[in-house]
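Shown next as structure tokens: one chain only, the form predicted on its own.
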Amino acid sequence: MKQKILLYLTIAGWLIPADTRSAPASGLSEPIQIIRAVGSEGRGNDEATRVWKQLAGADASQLIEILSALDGANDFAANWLRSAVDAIAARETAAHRALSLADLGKFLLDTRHEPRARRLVFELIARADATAAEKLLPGMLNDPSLELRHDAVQKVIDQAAQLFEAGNKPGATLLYQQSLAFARDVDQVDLVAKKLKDLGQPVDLPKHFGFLTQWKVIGPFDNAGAKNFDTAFPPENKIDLAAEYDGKSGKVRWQDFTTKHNYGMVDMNQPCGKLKGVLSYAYTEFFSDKAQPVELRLGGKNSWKVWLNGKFLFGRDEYHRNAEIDQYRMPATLQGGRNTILVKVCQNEQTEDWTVEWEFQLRVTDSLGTPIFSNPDATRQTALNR
């Protein structure tokens, strides 16, 4: 335990004595402001190093002020602030002084605070009173902190497994269904889906994740030498679903394609053929009940670009890296009613077996990964509301 405490305290080259308690700092606003100004490539690190000791040596009564500074902090500043919180907590533990659970609890339950800060507070509470922390979890199933939500969902999953082992399959089914409703972690969703399938309650994974499965596809166009990532073929300039264009090996037209893949993979090899040195486009329409901020979340191994309502969002000119769900998250704003989504998917000329994939998956979610579903009636409703 002593070594662990020393590890917490050995940060940025300083060791705060575990048997002393620093006098309350006269004010933390200036050091907090300096640390929050830290940025990439070492920007502000020298100044942060100078003031970090003041934060780490602050009185425990000032812990909430430091935690609150995590709200809106960038990743670099957050690392400095979290290390200061850890140092204060470790010092108090070494001196056998308890942190104020009432203050920590108030901070934790205020969901307006930075999710990472709230997760850190939960860990502090758990160290001080594991039973109390455990009892907080059921109220966090719908928490905006994905880490806290993960723990809350896992508790329900574990309870469902216990009921199953006890022979209570109806009860286990109910709890697995509850956990699935709140789970945002892919591994948890996969696990629960398998359990529910074994219990005779198969899960429609494409629907659960909200993958877009209905597309119009056109191609292939030429991508010899992987040189046409930035070449604008006709679909990038105008969507005309009745048009015919010159493709790599002849005329190409838009064709309907529906993916039945459990994780919404749109496999361009199916409508276009297993080809190399090519690119294709996939187009779909998404109907939103209202104008709203969303994330377009894409996964795939190939080079790609995405447009929303004709506006370029993001692209990645890289081939055959590992793919995973929600690999790329693109903040965007849907307009009320009809929205258009265009995806350009490129394939290079590598011939190894593991380069055959020419595919992508895409879904529309909120910032927590909760799927937002297309509603074809939205256009009519939007028109009525104008």
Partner chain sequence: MNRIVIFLAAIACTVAPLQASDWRQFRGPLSNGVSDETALPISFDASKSIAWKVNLPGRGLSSPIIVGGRVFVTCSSGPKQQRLHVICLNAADGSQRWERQFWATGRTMCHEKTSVAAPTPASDGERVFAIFSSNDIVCLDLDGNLVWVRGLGRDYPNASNSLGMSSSLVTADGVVIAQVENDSESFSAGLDALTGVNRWKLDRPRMANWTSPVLLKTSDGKQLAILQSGKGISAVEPATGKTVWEYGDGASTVPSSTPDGARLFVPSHGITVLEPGASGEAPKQLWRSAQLRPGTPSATILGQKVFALNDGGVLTCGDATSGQRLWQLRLKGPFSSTPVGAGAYLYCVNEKGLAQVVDTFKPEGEIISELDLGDTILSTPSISGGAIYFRSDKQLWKVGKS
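Quantities reported herein were computed from a predicted structural model and do not represent experimental measurements. Positions refer to the first chain, counted from 1. Rigid core (definition): largest C-alpha set, two forms, superposition within 1.5 Å.
In what follows, reference is made to the form predicted together with the partner chain, a form of this protein that is not presented.
- Only one of 281-289, 311-319, 266-274, 104-112 lies within 4.5 Å of the partner chain in the predicted complex by heavy atoms, and it is 311-319.
- Using a 4.5 angstroms limit between non-hydrogen atoms, Asp59 is distant from the partner chain in the predicted complex.
- Taking the partner from elsewhere, Ser83 is found to have a heavy atom lying within 4.5 Å of the partner chain in the predicted complex.
- Although the partner is absent from this view, Phe76 contacts the partner chain in the predicted complex, with a non-hydrogen atom inside 4.5 angstroms.
- Taking the partner from elsewhere, Glu92 is found to have every heavy atom lying beyond 4.5 Å of the partner chain in the predicted complex.
- Residues Ala152, Pro331 and Thr333 are none of them found to lie within 4.5 Å of the partner chain in the predicted complex, as judged by heavy atom distances.
- Contact annotation: of the candidates Val217, Val156, Val306, Ala87, the single residue with a non-hydrogen atom within 4.5 angstroms of the partner chain in the predicted complex is Ala87.
- With the partner removed from view, the residue among Ile34, Ile341, Leu63, Leu70 that has a non-hydrogen atom within 4.5 Å of the partner chain in the predicted complex turns out to be Leu70.
- Heavy atoms closer than or equal to 4.5 Å to the partner chain in the predicted complex belong, across 35-67, to the residues Ser40, Glu41, Gly42, Asn45, Asp46, Thr49, Trp52, Lys53, ordered by sequence position.
- After superposition on the rigid core, the Cα of Pro293 moves by less than 2 Å between the shown form and the other one.
- Asn348 shows a C-alpha shift below 2 Å between the shown form and the other one [criterion: core-superposed Cα displacement of 2 Å].
- Superposed on the core, the two forms differ at Ala77: its CA moves 2 Å or more between the shown form and the other one.
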